[in-house]
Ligand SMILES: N[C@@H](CCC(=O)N[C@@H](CS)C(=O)NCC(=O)O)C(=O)O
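This document opens with one chain alone, in structure tokens, the form predicted on its own.
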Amino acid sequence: MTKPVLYGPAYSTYTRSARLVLEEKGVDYDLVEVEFMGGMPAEQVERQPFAKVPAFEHDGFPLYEFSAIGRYVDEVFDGPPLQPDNPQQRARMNQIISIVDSYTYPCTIGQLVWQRVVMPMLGNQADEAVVTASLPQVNKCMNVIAGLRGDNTYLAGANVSLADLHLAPIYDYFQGTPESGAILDQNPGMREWWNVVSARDSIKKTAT
């Protein structure tokens, strides 16, 4: 079995989520950095026709979309399972992944983090109107996810799952924004969750 290859920049949340899955499974893999701030390279568009990251390849099998990559890696490679056996916990994992994709990423990374982190890196000032507009939805996402987690150690139960690995890179960027403090004060369960998740070796190995 050949070594899988992941194409995407280490700073990308979706690339990091895929790396977290590979690290948790103990898979030896190659990361091919893809820089797209100046435009997505043509070779990446060939791998991912929607011009996104990451893309993945294993034994001649190309794949994109984190949800598909994560499930594939979990099911093909040895190592601790990252999808619960319990149908309700598995459904909860899938629900949270969907919430992250549909609601959490757009407002948290696409708006708040982009304005607070990326724009200054590019030499631009943050658009405060965009920041302000993002906050109600960011707060709602954190509140909903904290409620779904409940008293569980991880998002979908007692063990780490694909849901945790999907949210972790987004949360890591989010917590570095000035606005995160007030939101997390209203959702203390998220800080408790992060204290557990951030102690994992996979998080430390993929930190940029």
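Counting begins at 1, following the sequence as shown. Everything numeric here is computed off the predicted structure, so don't read it as measured data.
What comes next is about the form predicted together with the named molecule, which is not displayed.
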property: Proximity of M40 to the named molecule in the predicted complex, heavy atoms at 4.5 Å; result: yes
property: Contact label in the predicted complex: W193 to the named molecule, heavy atom within 4.5 Å; result: no
property: The named molecule contact at G70 in the predicted complex, heavy atom, 4.5 Å; result: no
property: Distance check, K52 to the named molecule in the predicted complex, heavy atom within 4.5 Å; result: yes
property: In the predicted complex, segment of 196-204, 181-189, 20-28, 7-15 with a heavy atom within 4.5 Å of the named molecule; result: 7-15
property: The named molecule in the predicted complex reached by all of F36, E65 and Y105, non-hydrogen atom within 4.5 Å; result: yes
